[in-house]
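Take a look at this single chain, the form predicted on its own, given in structure tokens.
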């Protein structure tokens, strides 16, 4: 699933091409991907609106529109949101195509359809529960003083399970939870309540570091992730532990152990991480 660095990469790619553009037409090819809003009125509600901003909150992409609506996209496991020329053939599993006033198109594609599209005012989306409650952003200033430390030390859940909870840390997923735990020398299978203050500080410093490095490398493309123009990222080639179970630790050479936490494959070093 695209995590914070992947979604932020897409947002930064799309922003200069979308902000200021007007929507000429919207083709909702598969209405079931629209999880908030009415499919019948969706194309008419979008047509003529100008895109005023392209932002991100957690793993959600927000397009702020001129009449007060937000068009929100969550990529799920296999989704992509890319720019294309109108003359470029549509890929299979393209569910939404938005024509812009410069004759370019914004296309949403999702083979497994675990993603979703929402259309409503921010007040509607919040009041009616269309968007989940999200915790602090790892890339935001003051993240280490945001209350995440207290949430981690107060939980009996395994540390990785707590990090994957979007209400605790917005945008953190399987890849970067493993990477941050490795950098902080903490086993992801430990209980949050076992963390010392020093360990919690190390972990909260590690999370932004691994995410900023992944963002610099334009995200991890193990299989499905593509940036705003359909290209792969390179961050998966620089990961320390994720996807490397059974291989030598890059720090000490010990064999990396693979287990499961909260149903997710989890990799760590028994020697380096305590």
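Residue numbers count along the first chain shown, from 1. Quick caveat, the model's predicted, so the values are computed rather than measured.
Keep in mind that the form predicted in complex with the DNA is not shown, yet the notes after this line are about it.
When the DNA is considered in the model of the complex, only one residue from 94, 174, 105, 80 comes within 4.5 Å through any heavy atom, namely 174. The contact with the DNA in the model of the complex, taken as any heavy atom within 4.5 Å, belongs to 166 out of 146, 201, 124, 166.
Annotated contacts: 45, 88 and 229 are all free of the DNA in the model of the complex [non-hydrogen atom within 4.5 angstroms]. With the DNA omitted here, the record of contacts in the model of the complex names 156-164 of 179-187, 156-164, 136-144, 97-105, defined by a heavy atom within 4.5 Å.
Put simply, residue 272 is far from the DNA in the model of the complex: not one heavy atom of it is within 4.5 Å. Within this chain, residue 265 lines the site of the DNA in the model of the complex, having a heavy atom no more than 4.5 Å away.
The DNA in the model of the complex comes within 4.5 Å of a heavy atom belonging to residue 112. At the 4.5 Å threshold, heavy atoms of residue 242 reach the DNA in the model of the complex. Residues from 62-89 that approach the DNA in the model of the complex with a non-hydrogen atom closer than or equal to 4.5 Å are 74, 76, 77, in the order they occur in the chain.
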